[in-house]
Ligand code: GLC
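Just one chain is shown here, as structure tokens, and it is the form predicted on its own.
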Amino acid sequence: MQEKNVIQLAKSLLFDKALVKLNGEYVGAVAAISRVAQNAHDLNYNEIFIRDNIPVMIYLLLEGKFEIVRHFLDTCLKLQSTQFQTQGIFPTSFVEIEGKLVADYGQRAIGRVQSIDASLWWVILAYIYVHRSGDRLWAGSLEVQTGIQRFLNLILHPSFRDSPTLFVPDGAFMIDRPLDVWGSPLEIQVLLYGALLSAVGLIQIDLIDKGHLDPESKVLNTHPKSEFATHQIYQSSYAIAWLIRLKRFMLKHYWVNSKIIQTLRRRPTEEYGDRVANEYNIQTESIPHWLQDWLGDQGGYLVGNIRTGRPDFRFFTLGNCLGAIFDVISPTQQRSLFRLMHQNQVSLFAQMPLRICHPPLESDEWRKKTGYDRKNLPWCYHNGGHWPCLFWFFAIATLRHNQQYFHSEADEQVMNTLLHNNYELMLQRLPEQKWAEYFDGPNGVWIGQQARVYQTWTIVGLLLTHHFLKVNTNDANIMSLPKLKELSLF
């Protein structure tokens, strides 16, 4: 099938089949397009997930469909929890049942997991929408600013831990089944960084438009008399201070390359006091030997998790790509990340880009850490499966880097070749494999054992990749967030 026909088919599936209306207006897209009458086996794939709709909404913004994105954001905002214990969180998904919106905050999910990432993604998408559409009036509305205050009240509060990371249970993000990713998983920390940047950016838009903040210097013109604006300033200052600590923490504890690993292996253990070299008491035996070949001489990446005595050195694709997109890691570190991914393309890209994490849990490790989860068998689903919906994040990360930062022509050519080769592979395989949710096996050749077909974010992932590679490369900057150094501490 020719490229033009594949892209046209993908667009038709999105606009004619995946998008759904509520009260006459498009409100989002279902997780997967049902090919049969709705039945119990569809589970919740007919619901509208915040996480799954991020690529959908990004694509609609590129197409100029601003009103759909705004309606999606408003609908999610109306569902933001106001209950005492969960005030400020957004639902994982929602669906219309008998004319009413029914939201899932984890109370209906398999294993009763709570998707923390949904709340973080909403704030990020809200900023991207305002930046792309120019809808400052929406950003400054009382409903939006109140929603941001609820969200920040949820994040910026006293706790038992002094660490700037967000502590969450296993299954709290895209990997929503047991995979031993509890505590401070990478993806949540990167999304937290992006969400705090976005929240401050949206608050400052409101303060500028109300005349409280100078748009150039970001210095307060007058101290606002309203309690609401005073709280906005307090939250912004606190969020910026948190951002500074979070970035330093992640660069210190999550970023690794060959040199850092060698240093880690030679650090003393059982240290006590304020100034120690091995803060998390990491034993040499916990550092896997496969890192020698994986990192090579020039590779670097953000590890999957940091926790006392048990660092998780697995490579998680989405967290690393977002780390580059949101500038958690420096331009030099971004180049190290891209080199590592190119060097390990047989493992990460193979016959269906991209593998969600590497390496998978196997044997007794799989049994103990997943609770014998049959869906997360080794090389399956979240446990080393291949997800085509991840490739557009990698495309944005590399193209955006090439446009904004210094790089060698040789590196750019290598990455462009990798991008286009894998785009062609997806262009050929995805329609043949009915736009499957994920693919199994070391090479990603087989359709996932329990994968849904006509998965919306698989379809939109190809549309986004096509747009960034063939339509407008400059749009790779669509997910750029406010720069930390440009935000004011008031």
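All residue numbers refer to positions in the sequence shown, first residue = 1. All figures in this text were calculated on a predicted structure; none of them were measured in a lab.
Omitted here: the form predicted together with this ligand. The next part is about that form.
Put simply, L377 is far from this ligand in the model of the complex: not one heavy atom of it is within 4.5 Å. V256 falls outside the set of residues with a heavy atom inside 4.5 Å of this ligand in the model of the complex. This ligand is not drawn, but in the model of the complex it has no heavy atom within 4.5 Å of L418. Under a 4.5 angstroms non-hydrogen atom cutoff, this ligand in the model of the complex has D52 among its neighbouring residues. Only one of Y127, F394, W387, F338 comes within 4.5 Å of this ligand in the model of the complex through a heavy atom, and that residue is W387. Checking Y301, W121, Y381, F151 against this ligand in the model of the complex, a heavy atom within 4.5 Å turns up for just one residue: Y381. With this ligand omitted here, the record of contacts in the model of the complex names 454-462 of 428-436, 58-66, 454-462, 441-449, defined by a heavy atom within 4.5 Å. In the model of the complex, M174, D176 are the residues of 146-177 with at least one heavy atom within 4.5 Å of this ligand, listed from first to last.
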